[in-house]
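Below, in structure tokens: the form predicted on its own, a single chain.
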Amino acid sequence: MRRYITQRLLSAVIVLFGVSILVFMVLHLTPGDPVEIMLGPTARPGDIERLRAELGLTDPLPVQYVRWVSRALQGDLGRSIQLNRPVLPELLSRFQATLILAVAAAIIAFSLGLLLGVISAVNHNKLVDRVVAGFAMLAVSMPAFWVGMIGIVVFAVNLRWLPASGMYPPQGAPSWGKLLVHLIMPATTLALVPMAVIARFTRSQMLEVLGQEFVLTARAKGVPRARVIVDHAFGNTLVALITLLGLEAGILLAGAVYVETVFAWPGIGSLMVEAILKRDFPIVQGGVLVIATSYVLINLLTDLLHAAADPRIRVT
């Protein structure tokens, strides 16, 4: 087991190293100068060059990359060009809002996705099965940002049941109740596609297990139907579901960027969109690194849970 963990940690480090190089190079090769954007169109060439030298942007790209990585390993992701504040505390404060949104969406997607998948499989070729399959197909086909905008028009503008944007109302003290009300639409929007994917995958896995001989034998022996479904069928799909749930958890965290932009949710995604438009390299680089690290850690945890749940996997 120790060797397996070491291998997974090593692969995680390699992935993060590749992500850091890719993000650094892509951002620096895109057109536009953050210093010119920061100083404005009336800035003098001498002031632009002076500020570029102060920020270290005149150094060769390999030197800038090594300097950035060495500081990042010490917890220093630099200072925001636009905000003139340390990047890491700014990202961590915004990451809390993103984590709240992602966790809420994961609860909705995992619980309803598994439930719909089991119900659909148990009622194979019946009306319920067709309804769930049609809903899953429709949900997978709809982009999250489009669903979010439709939700705002219907539930916020027309019906006025839910707030259209933000994490808390602009007036009054923040509270858990107000947070939950503001969380309904963005969390549901973010959870829609993963919920449909989980439902379809659960259905297919359940149908495969329900047709195997040991399940048919359990039914012939008079084992209660609920026990056959829960213990025999669903229990034997958990190994495959763990991998899917881990992947969908990472997708929820990364996909929060679009939903945060639509609903003006003050998370790391909306911060990165603003930073990209303003060419704030430190914020974008640090944000991608934080999200990539979270994604890699989620996949690492998924692999460990998979190894623990599947007795066929032999690790030393």
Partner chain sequence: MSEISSPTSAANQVAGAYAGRRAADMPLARLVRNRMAMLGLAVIVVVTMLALLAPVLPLADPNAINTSARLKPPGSPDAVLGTDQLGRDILSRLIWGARVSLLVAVLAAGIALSIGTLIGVLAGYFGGLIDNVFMRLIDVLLAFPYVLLAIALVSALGPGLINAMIAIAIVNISFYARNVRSAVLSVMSMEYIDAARAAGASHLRIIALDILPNMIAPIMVLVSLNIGWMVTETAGLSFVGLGAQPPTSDWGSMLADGRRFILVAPHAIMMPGIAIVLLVFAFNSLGDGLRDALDPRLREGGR
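Residue numbers count along the first chain shown, from 1. What we label the rigid core is the largest C-alpha set whose atoms superpose within 1.5 Å from one form to the other. What you see is a predicted model; the values in this text were computed from it and never measured.
The same protein also has a form predicted in complex with the partner chain, omitted here; what follows describes it.
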{"query": "Per-stretch contact check against the partner chain in the predicted bound form, the hit in 134 to 142, 170 to 178, 91 to 99, 107 to 115 (non-hydrogen atom, 4.5 angstroms)", "finding": "134 to 142"}
{"query": "In the predicted bound form, the residue from Leu73, Leu127, Leu159, Leu216 that sits within 4.5 Å of the partner chain by heavy atoms", "finding": "Leu216"}
{"query": "Whether Tyr4, Ala187 and Leu305 all lie within 4.5 angstroms of the partner chain in the predicted bound form by heavy atom", "finding": "no"}
{"query": "4.5 Å heavy atom contact, Ile14 and the partner chain in the predicted bound form", "finding": "yes"}
{"query": "The partner chain contact at Trp68 in the predicted bound form, heavy atom, 4.5 Å", "finding": "no"}
{"query": "Any non-hydrogen atom of Arg225 within 4.5 angstroms of the partner chain in the predicted bound form", "finding": "yes"}
{"query": "Exercise: Leu301 in contact with the partner chain in the predicted bound form, heavy atom 4.5 Å", "finding": "no"}
{"query": "Within 241 to 268, the residues that have a heavy atom no more than 4.5 Å from the partner chain in the predicted bound form", "finding": "Leu247, Gly250, Leu253, Ala254, Val257, Tyr258, Thr261, Val262"}
{"query": "Phe281 C-alpha relocation of at least 2 Å between the shown form and the other one, rigid core basis", "finding": "no"}
{"query": "Core-superposed comparison between the shown form and the other one, Val13 Cα displacement 2 Å or beyond", "finding": "yes"}
